[in-house]
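One chain comes next, on its own, written out as structure tokens in the form predicted alone.
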């Protein structure tokens, strides 16, 4: 891993409701006072990590859950916490959902230094949104986008494809409508069935069936070509942007930089050790009350595991695996270990040489998960 400057992720585990597909750690907000209480505990965690925060953070990302549930006064309280412990970096992102965006909140985000917003649109089709269990309509998304565009010039939209009741026509209309708003960045994610979700229960009961894999591939390929025609560059398997508008924070994950995660269930990766916070709010609060790090699990990664993870993450990007960078990090030429596997994938047309190393071809991207399993 690349040591030194770190990325900071802050997890906000509250939502208005659980979406049918969501496998992230979050809970339905029952009392507004939970939000302020949560910030109080975040402040205790900030204090524990103060030496790692000062002058070391190069990006901030507030995710969830639904961070846009915070009211303006709570946003300013969080901002004071950030100002106390660190210098604001060049990129500061907050995730938001359309139903909880107001002009006052957006102004507060800007005031505390947020300069990039990731909006969970997911679809512009109301029937699809209802099936997903989203708490907003397409109209809510349009209204939210209108507000955001008045204050930010770096906005990202998230979309889901491969949804059982979604066809190519709906997908085309969604992307066409999306680019009409001129977002600087888009993320396209194929629907997956996660354990413990409503969709998982429905799937086991036969109430829903996954979309035909060939159609899912067609949707992805259409998205890639459509966005390319409209000026967006694919810089990672699921992520597209105008030149210079890539997510700097997320690129840190894919280039194996260190990161620090604060909040319930947040993950950190520092000096070759992976830490994961308690996913239970009760355990998280109890640990911090006792002045202890709220870490539920930690693992010192072996060199072999880190090399495998690095290659997989790097191959997700359009630049791919960089030989010299790998040698700088691990002190070994990757070809001494992976040469035969790379040759195998090249013969299949799944991988290609570059000036600096290796990357997946368009054909390889479509079977990337299988390739990653083979590499590990």
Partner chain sequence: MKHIRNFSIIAHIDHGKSTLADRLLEITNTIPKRKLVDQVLDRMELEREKGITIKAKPVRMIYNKNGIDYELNLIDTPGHVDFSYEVSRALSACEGALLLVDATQGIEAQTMANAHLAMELGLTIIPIINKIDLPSADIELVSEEIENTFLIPKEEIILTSAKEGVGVQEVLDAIVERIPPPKGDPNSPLAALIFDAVYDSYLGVLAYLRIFDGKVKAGDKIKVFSTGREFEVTEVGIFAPDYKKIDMLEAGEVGYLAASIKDIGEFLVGDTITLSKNPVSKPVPGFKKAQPMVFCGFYPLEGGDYEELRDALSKLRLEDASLIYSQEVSEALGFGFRVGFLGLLHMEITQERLEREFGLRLIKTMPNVVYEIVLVSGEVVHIENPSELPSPEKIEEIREPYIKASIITPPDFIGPLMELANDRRGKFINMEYLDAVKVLIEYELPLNEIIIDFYDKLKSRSRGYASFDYEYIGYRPSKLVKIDILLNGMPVDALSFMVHKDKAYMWGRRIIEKLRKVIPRQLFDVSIQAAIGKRVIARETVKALRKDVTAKCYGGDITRKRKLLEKQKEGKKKMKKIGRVEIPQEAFLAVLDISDEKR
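Numbering follows the first chain given and starts at 1. Model, not experiment: these values are computed from the prediction.
As for the form predicted together with the partner chain, it is not shown, yet the points below apply to it.
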- Though only this chain appears here, would residue 309 touch the partner chain in the model of the complex if you measure heavy atom gaps against 4.5 Å? yes
- Message: Within 4.5 Å, heavy atoms only: does residue 95 come near the partner chain in the model of the complex?
- Response: yes
- Query: Is the gap between residue 368 and the partner chain in the model of the complex 4.5 Å or less for some heavy atom pair?
  - Reply: yes
- Although the partner chain is absent from this view, report whether residue 203 comes within 4.5 Å of it in the model of the complex, heavy atoms only. no
- Query: Looking in the model of the complex, is the partner chain within 4.5 Å of a heavy atom from each of 14, 86 and 108?
  - Reply: no
- Picking from 277-285, 78-86, 170-178, 259-267, which part of the chain touches the partner chain in the model of the complex when contact means heavy atoms within 4.5 Å? 259-267
- Report the residue, out of 242, 297, 151, 293, that has at least one non-hydrogen atom within 4.5 angstroms of the partner chain in the model of the complex. 297
- Item | One residue of 350, 41, 342, 326 in contact with the partner chain, assessed in the model of the complex (non-hydrogen atom, 4.5 angstroms) | 350
- Note on the structure: Looking in the model of the complex, the residues of 60-80 with a heavy atom no more than 4.5 Å from the partner chain, listed in order, are 61
